[in-house]
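Consider the single chain below, provided in structure tokens and representing the form predicted on its own.
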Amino acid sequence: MAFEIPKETSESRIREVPLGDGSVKVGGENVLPFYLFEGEMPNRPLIAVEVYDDNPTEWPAAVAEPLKDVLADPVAWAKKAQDEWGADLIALRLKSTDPKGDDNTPEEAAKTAKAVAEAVGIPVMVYGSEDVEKDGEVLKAVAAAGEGKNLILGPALEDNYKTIGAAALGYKHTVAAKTPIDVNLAKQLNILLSNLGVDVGTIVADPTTGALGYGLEYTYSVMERFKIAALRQDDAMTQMPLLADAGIESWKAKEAKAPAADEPQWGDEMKRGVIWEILTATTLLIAGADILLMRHPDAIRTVRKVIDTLIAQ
């Protein structure tokens, strides 16, 4: 007697969110991650490659070396990510606007965002410096400059979601809603954005990422609970695609960036951080991430192969 795999199907789905010109979509699945024997994932998880506007000179050599020819030029960086690394999205971080740093103006930031969006043929997400007040001003200017591009704007937080949500609504962009690692807080922010008038079909949820060894298990649990609530309980406010910010969090880890001279027992510092990013990203991919924000070209290539393998099973 042949063995039949038990199946648990669902009538519920993660919302399918169109990005950019609409040719790229995220979400739409009616199964838990890669349970393709139970349903479908019409859109594969996407890799968004980080691009910074402030020439991050403090990065360790392991990640700075492959990017050395573009670190000071966000447009060239974005084009390289698209043309050479196969990025599905560009994740532009307007770090230069941080009031505790260069404190660049919203107008300067908007000019950079527009230049990046016009230089590539893939969708672009734009994250501010995560200063609550400044991000509101910056992303309003970016929303206006990027009209017609359907950018993903964020992070929209509890303290500035009205400003960012209104800008996205007014200029027809998508919103990345970010909350601390907690399902109920994430649901509440989605509700608040919806009450503001933002279409729930234009929201992606960023539940905050913890890297390997630095809270990964908490993020995994929240993402898993999100998917279960969305698909098994038909909870409309958890049916948004999920975003995992793997690159930045992975490279914050001491184990990823400590010089081998300081920690010789940890091995080659030119490989450690790449492995840290791969493990963080693939773990959250299995947890339910629909968009992975990534940094190192080698990590990006490896995780793309993982996605190819899982989709082809």
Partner chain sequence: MALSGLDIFKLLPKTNCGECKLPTCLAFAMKLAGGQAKLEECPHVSDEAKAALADAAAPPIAEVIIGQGAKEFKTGAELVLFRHEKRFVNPTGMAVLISDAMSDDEVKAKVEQADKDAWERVGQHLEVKMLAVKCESGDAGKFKDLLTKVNGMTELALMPMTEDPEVMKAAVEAVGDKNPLLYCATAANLEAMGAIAKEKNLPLVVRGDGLDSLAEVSEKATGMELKNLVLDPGTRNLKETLEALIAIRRGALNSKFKPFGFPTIAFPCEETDDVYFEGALSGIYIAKYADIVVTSEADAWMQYPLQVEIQNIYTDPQKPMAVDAKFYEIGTPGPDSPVLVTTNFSLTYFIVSGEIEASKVDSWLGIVDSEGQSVLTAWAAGKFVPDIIAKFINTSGIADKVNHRKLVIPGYVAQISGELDEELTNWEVLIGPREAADISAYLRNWSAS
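Positions refer to the first chain, counted from 1. All of these numbers come straight from a predicted model, not from anything done at the bench.
Another form exists, predicted in complex with the partner chain; not displayed. Remarks below refer to it.
- Considering the partner chain in the predicted complex, the lone stretch of 240 to 248, 43 to 51, 267 to 275, 65 to 73 in range is 267 to 275 [heavy atom distance within 4.5 Å].
- The candidate site formed by 36, 225 and 279 is fully in contact with the partner chain in the predicted complex, as each residue has a non-hydrogen atom within 4.5 angstroms of it.
- Interface residue remark: residue 16 is not counted as part of the site for the partner chain in the predicted complex, having no heavy atom within 4.5 Å.
- Using a 4.5 angstroms limit between non-hydrogen atoms, residue 217 touches the partner chain in the predicted complex.
- Within this chain, residue 167 is remote from the site of the partner chain in the predicted complex, having no heavy atom within 4.5 Å.
- In the predicted complex, residue 212 approaches the partner chain with a heavy atom inside 4.5 Å.
- Contact residues in stretch 292 to 308 (any heavy atom within 4.5 Å of the partner chain, taken in the predicted complex) are 298, 301, 302, 305, 306.
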